[in-house]
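One chain comes next, on its own, written as structure tokens: the form predicted on its own.
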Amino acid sequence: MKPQPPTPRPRPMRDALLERIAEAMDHDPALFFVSADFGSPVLDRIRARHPDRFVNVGIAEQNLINVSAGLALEGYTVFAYAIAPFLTMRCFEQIRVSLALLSTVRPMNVNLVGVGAGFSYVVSGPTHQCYEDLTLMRALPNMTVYSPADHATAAGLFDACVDRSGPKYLRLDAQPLPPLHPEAAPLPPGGFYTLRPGRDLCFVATGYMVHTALRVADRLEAEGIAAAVVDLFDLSGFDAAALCARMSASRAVVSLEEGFRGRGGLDALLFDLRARHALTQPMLNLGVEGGYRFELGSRQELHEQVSIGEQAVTARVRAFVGDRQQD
């Protein structure tokens, strides 16, 4: 019997991406790393090998943005690293002015690496959790937004960060997630993966919620409902025609995000896409319901409380499909 390749183990997204950066910095003197007092073992290696191209600005994310912009104007490709809510919300004006605005008149390459998407810092409460970043970063017309669902995609995005000019935001989960894609495989050019087909409905999910979509799709399949699952990791440069074709191949669409529902995140992107391309499939948008919550619990427990857990999503989608069948 031919030996099977080992199953990839779950790894933190940040480690997979940082290892790509560390390897590239060994031979590319144009790469620069800036951190806001946030570390990891891989980052320690970068700092030790390249002290002349590593800066820790301290707990000063606003300064992180301005230092990164200055380095980019000098010709460096910059990776700026911080906890996601502090990176996106604490210094939104600096991102808008020093990156989004300035990049319209000066070439620059700054890659904002935010760790802690959604509820991934589950025990730290709403100050460290991040439900608004997709809305904020998507509001900036010059900002590329990446939201990978596993470490292989996160590592693969390094090439896009280096090759594509302009400011970018990488939304990384803080927890190791099950691998969905092969190690070192090239990313699809359209900005999304189709993980499974399905004629009855199409889940379009991003980040952690891709894993929930897959589990819900398994549940629905047992009930005779065939659900496609799309992993949309590029929320700004995806192939709109290809995504519309994928959505049109199903009778209905469900958006699924670990962010506030109806607040300008993934669901707004898809509603706009649906209107621009005159798609006729009904769409259900699922995201975090309600406001900020201070309860402690596992990520799965918190997700059920805010209506994006596996059971809650299954119930909502089952009712949605049932309504469509009665029409």
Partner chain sequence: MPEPAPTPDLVAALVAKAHHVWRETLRIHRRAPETRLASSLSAVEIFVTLYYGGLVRTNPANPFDPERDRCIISKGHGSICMYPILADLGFFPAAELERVCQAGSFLGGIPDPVIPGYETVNGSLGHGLGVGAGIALALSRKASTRSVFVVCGDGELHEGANWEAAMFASQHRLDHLNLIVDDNRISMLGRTDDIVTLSPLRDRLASFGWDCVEVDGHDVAALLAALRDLKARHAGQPKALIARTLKGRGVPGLEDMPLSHVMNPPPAQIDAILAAPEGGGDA
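Since this is a predicted model, take the numbers as computed values, not measurements. Positions refer to the first chain, counted from 1.
Beyond what is shown, the protein has a form predicted in complex with its partner chain; the following relates to that form.
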remark   = The one option of 67, 284, 268, 42 with any heavy atom within 4.5 Å of its partner chain in the predicted bound form is 67
key: Heavy atom within 4.5 Å of its partner chain in the predicted bound form - the one residue of 244, 102, 252, 226 that qualifies   = 102
request  = May I ask you to check whether residue 106 falls inside a 4.5 Å heavy atom distance of its partner chain in the predicted bound form?
outcome  = yes
ask   = in the predicted bound form, does residue 76 have a heavy atom within 4.5 Å of its partner chain?
value = yes
query = Is there a heavy atom of residue 98 no more than 4.5 Å from a heavy atom of its partner chain in the predicted bound form?
reply = yes
request  = Flag residue 82 as yes or no: does it have a non-hydrogen atom within 4.5 angstroms of any non-hydrogen atom of its partner chain in the predicted bound form?
outcome  = no
request  = Kindly indicate whether 55, 63 and 71 are, all three, within 4.5 angstroms of its partner chain in the predicted bound form, using heavy atoms.
outcome  = yes
key: Contact segment among 149 to 157, 135 to 143, 89 to 97, 178 to 186, judged by heavy atoms lying within 4.5 Å of its partner chain in the predicted bound form   = 89 to 97
